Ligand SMILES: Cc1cc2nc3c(=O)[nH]c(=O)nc-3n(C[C@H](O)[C@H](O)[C@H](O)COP(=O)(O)O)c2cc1C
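First, one chain by itself in structure tokens, the form predicted alone.
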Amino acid sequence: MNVNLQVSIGNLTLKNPVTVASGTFGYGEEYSEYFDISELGAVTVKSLTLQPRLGNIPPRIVETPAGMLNAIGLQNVGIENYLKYKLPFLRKQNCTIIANIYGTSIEEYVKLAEYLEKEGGADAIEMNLSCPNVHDARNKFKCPLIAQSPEWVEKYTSAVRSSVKLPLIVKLSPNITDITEPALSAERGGADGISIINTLLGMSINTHTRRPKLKNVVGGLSGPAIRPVALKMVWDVSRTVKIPVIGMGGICTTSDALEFIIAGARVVAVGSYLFRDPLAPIRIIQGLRDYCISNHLDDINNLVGSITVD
């Protein structure tokens, strides 16, 4: 039985609905030693900023029950080094590329997006409006996340949308009362898709020293522990907006991915579980195909949002 696994975000068609979460896959080089990364629906690269970033001071990763806390702080090579040293490898692998970008102002997001489009640095852009690890939690005057303000989400999205033609995805934060509000704002601003969720805020304390285990004090919680929260938010948003949702948050197995798709996600992303099983995305792709065959589905798109609620 032939099964169509192709899905679309804007005018971009992915060969299957499985990608990787930004920040967990680097720029693909290390994982290419384990499998052909072009088999992924897309490679979502680590966040790119205008200048290289060293990130936060260690320690910046802590293991937690069923997950991990991280406060990496968007360490990355910067846009110019990415285009010069990382992009050629990805293009040689014939990958579909989603480039995640982070800026400190509207102007920086626009500049990054325009630069990527001009240099052919991506097939789609994911705007990271929701990284919780770029401000020191001890600073009571720290800036709020753009993703926590529906008004600013629309402004940032609209500015980038009017500057580039590439498919535009907005990555939102779960650290908000109602995630459907910024999701609607992203849609009004012209986004082609919405990525949810980024990490949940959390912390851990060393009881012997009575000090936080993370130098940044607070970090982002990821892994299976957050999956039920992510799944519920995907369901909420997919019923609210008309554009595709990319679901992520603790996806480890085919069954996890299926839950997200049935809840309404058109694309799913594997994140921190990659550190335990680098081959997880490939297993999930095959698992989705097998599920469709077993359930006599010839198109994965027919499964999207197929949840039945009495």
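A residue's number is simply how far along the shown sequence it sits, counting from 1. Being a predicted model, the structure only gives us computed values, none of them experimental.
The next section is about a form of this same protein that is not shown, the form predicted together with the ligand.
No member of the trio Thr96, Ala257 and Pro281 reaches the ligand in the predicted bound form with any non-hydrogen atom inside 4.5 Å.
Contact annotation for Gly223: at least one heavy atom lies within 4.5 Å of the ligand in the predicted bound form. Using a 4.5 Å cutoff between non-hydrogen atoms, Ser173 does not count as a contact of the ligand in the predicted bound form. Contact annotation: Met68 falls within 4.5 Å of the ligand in the predicted bound form, judged by heavy atom distances. Taking the partner from elsewhere, Gly271 is found to have a heavy atom lying within 4.5 Å of the ligand in the predicted bound form.
Residue heavy atoms within 4.5 Å of the ligand in the predicted bound form occur in exactly one stretch of 32-40, 49-57, 248-256, 281-289, and that stretch is 248-256. Note on contacts: among Ile79, Ala159, Leu201, Ile72, the single residue with a heavy atom within 4.5 Å of the ligand in the predicted bound form is Ile72. Interface residue among Asn216, Ser185, Asn100, Ser238 relative to the ligand in the predicted bound form, by the heavy atom within 4.5 Å criterion: Asn100. Contacts to the ligand in the predicted bound form (heavy atom within 4.5 Å) from stretch 11-27: Ala21, Ser22, Gly23, Thr24.
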